[in-house]
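One chain follows as structure tokens, the form predicted on its own.
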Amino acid sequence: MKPIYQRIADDLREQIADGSLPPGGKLPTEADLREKYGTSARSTVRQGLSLLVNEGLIVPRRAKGYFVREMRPLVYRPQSKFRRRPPEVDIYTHLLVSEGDERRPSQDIEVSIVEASTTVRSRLQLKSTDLVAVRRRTRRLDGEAYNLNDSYAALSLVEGSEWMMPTDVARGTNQVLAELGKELVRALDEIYVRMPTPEEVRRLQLGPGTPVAEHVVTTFAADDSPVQVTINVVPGDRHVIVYERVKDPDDFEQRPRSNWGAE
């Protein structure tokens, strides 16, 4: 027979899965669970609840109890970097509007000069002594942190430009780079799924057991030189990643159907 704490976790997990305990719903109290499963040990009940917390299914609220985690995923489109938008509207707000999301967007922006990490240095093809500038953005919906968007560029390229201003640039930092002679024409996307670092937990206020997707974008100019590296970190409980692809007729004719798209 399974241990009591495991039975508690299994039963509650099943109720969450079938909707008996809906998103935002309050779980039975610890006292109710002790009575139902015939145990007097608070630690047994808490051990079962901790399993679900670590799985990201429930969240504790001090003095109120445990609640089923509510999921309101934001559509995250990695290919949106080159989308057209009104010049007076920042890209974060523009994407929310285009998805029909009515939550209130905001973002904190910090700019600093740092030594390049291995990830950034290798992608920007910099020397170990080269400094980079970083624009760190924490983006929020209705006040809740939803993703991190940190962009890195060689300090020698952006020093003294609007790219270095810790405020939103209405026409976009990509346009600033174009005015500096480095128009972005191509992007390389890398996506990693992992557990967050302590710093990401702090910035995103993540609960236990919440994985993140890290989207590393390296953008290039027409001469194929790398210009900017942007590292997006999106919590797994707050996003759905959507890629939109268009079939190339010429390529389609030359390849088996199963090589285009997921089937």
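Source: prediction; values computed, not measured. Note that residue numbering begins at 1 and tracks the sequence as displayed. Here, rigid core means the biggest group of C-alpha atoms that superpose within 1.5 Å across both forms.
The form predicted together with the DNA is left out here; the points below concern that form.
Of the residues given (205, 197, 54, 39), 39 alone sits with a heavy atom within 4.5 Å of the DNA in the predicted complex. Candidate site formed by 149, 174 and 186: none of these residues places a non-hydrogen atom within 4.5 angstroms of the DNA in the predicted complex. Considering the DNA in the predicted complex, the lone stretch of 197 to 205, 227 to 235, 213 to 221, 29 to 37 in range is 29 to 37 [heavy atom distance within 4.5 Å]. The closest heavy atom approach of residue 46 to the DNA in the predicted complex falls within 4.5 Å. Of the residues in 1 to 27, those that come within 4.5 Å of the DNA in the predicted complex through at least one heavy atom are, in sequence order, 3, 4, 5, 6. Taking 2 Å as the criterion, residue 230 does not count as shifted between this form and the one not shown: its C-alpha moves by less than this amount when the rigid core is aligned. Core-superposed comparison between this form and the one not shown: the C-alpha position of residue 45 differs by no less than 2 Å.
After superposition on the rigid core, the Cα of residue 59 moves by 2 Å or more between this form and the one not shown.
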